[in-house]
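Take a look at this one chain, the form predicted on its own, written out in structure tokens.
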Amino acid sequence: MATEAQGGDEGGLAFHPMDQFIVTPLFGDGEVGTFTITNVTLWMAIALLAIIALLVLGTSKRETVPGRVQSIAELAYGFVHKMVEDVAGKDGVKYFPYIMTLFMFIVFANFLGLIPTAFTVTSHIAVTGVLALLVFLTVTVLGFVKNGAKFLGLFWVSSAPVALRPVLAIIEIISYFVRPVSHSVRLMGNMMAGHAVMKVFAGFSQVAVIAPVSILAVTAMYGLEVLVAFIQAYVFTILTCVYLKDALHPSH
């Protein structure tokens, strides 16, 4: 939030929109170590519990005419299942549980981050980077297991002129190894940027002259962030499906 600045900036406003992304110990004020329970740990655990509540407890008493919770769970299941089948094909459906887990974790983490005073775990590259790296390693190993050396055909554009194929192969290899970077930074960047902008607008609400405009801006940004929270989970998941398709059917 905006606060009155001290010292040389007296009378002005100081904004600290990035403070909301600081990782802090959940108990005590010591340094964050390898096994320290932090605010990130807490909100990741809450996301997991919320997923269990929706998909396990919410569907434990399945009914012909579903209630609200069961309907949401069935919609999520059907949405991701259709995405996997449409993008990765019938062969990709067997990997649906992994992709469903990814989608549900990201979408819940994104939406929980919109709760006031909550922590958006997907705004940290340490979280999105691990998710993207797991996808990268999984599809790479799967590609070699399923296709053997034929998986290298992913980098050889046979439809291009012979003289260009070596150059294109180098480009394809570079773009392949850049995948986990772009995959993780896209999600992290969008979540961090949106929350930072909301924090700045919220800071201006303390200035009486522009407070009404600031409140309207925060409201509009919040509505946009609700949409972004879902879209970014969808983008991360559909890219995972595309990478899975490449692993299952590597030839150009």
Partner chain sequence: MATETEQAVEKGAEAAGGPGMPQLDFSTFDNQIFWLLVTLILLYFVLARVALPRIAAILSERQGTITNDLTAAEDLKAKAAEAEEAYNKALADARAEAQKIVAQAKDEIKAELDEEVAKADAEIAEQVAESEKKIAEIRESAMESAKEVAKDTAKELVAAMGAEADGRTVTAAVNQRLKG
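Residue numbers count along the first chain shown, from 1. Everything numeric here is computed off the predicted structure, so don't read it as measured data.
Another form exists, predicted together with the partner chain; not displayed. Remarks below refer to it.
Asker: At 4.5 Å between heavy atoms, is Ala169 in contact with the partner chain in the predicted complex?
Answerer: Outside the cut-off, so no.
Asker: Using a 4.5 angstroms cut-off on non-hydrogen atoms, would Glu74 count as touching the partner chain in the predicted complex?
Answerer: Yes, contact at 4.5 Å.
Asker: Report whether the minimum heavy atom distance between Gly33 and the partner chain in the predicted complex is within 4.5 Å.
Answerer: Yes, contact at 4.5 Å.
Asker: So in the predicted complex, does any heavy atom of Phe105 sit within 4.5 Å of the partner chain?
Answerer: Heavy-atom contact with the partner chain at 4.5 Å: present for Phe105.
Asker: Go through 222 to 230, 44 to 52, 179 to 187, 207 to 215 and give me the stretch that gets within 4.5 Å of the partner chain in the predicted complex, heavy atoms only.
Answerer: Careful reading of the contacts points to 44 to 52.
Asker: Check each of Phe144, Phe111, Tyr98, Phe155 and return the one that places a heavy atom within 4.5 angstroms of the partner chain in the predicted complex.
Answerer: It is Tyr98.
Asker: Since exactly one of Ile173, Leu134, Ala118, Val87 fits, which has a heavy atom within 4.5 Å of the partner chain in the predicted complex?
Answerer: By the 4.5 Å heavy-atom cutoff, the listed residue in contact is Leu134.
Asker: Check each residue of 115 to 133 against the partner chain in the predicted complex and list those with a heavy atom within 4.5 Å, in sequence order.
Answerer: Heavy-atom contacts to the partner chain in the predicted complex: Ser123, His124, Ile125, Ala126, Val127, Val130, Leu131.
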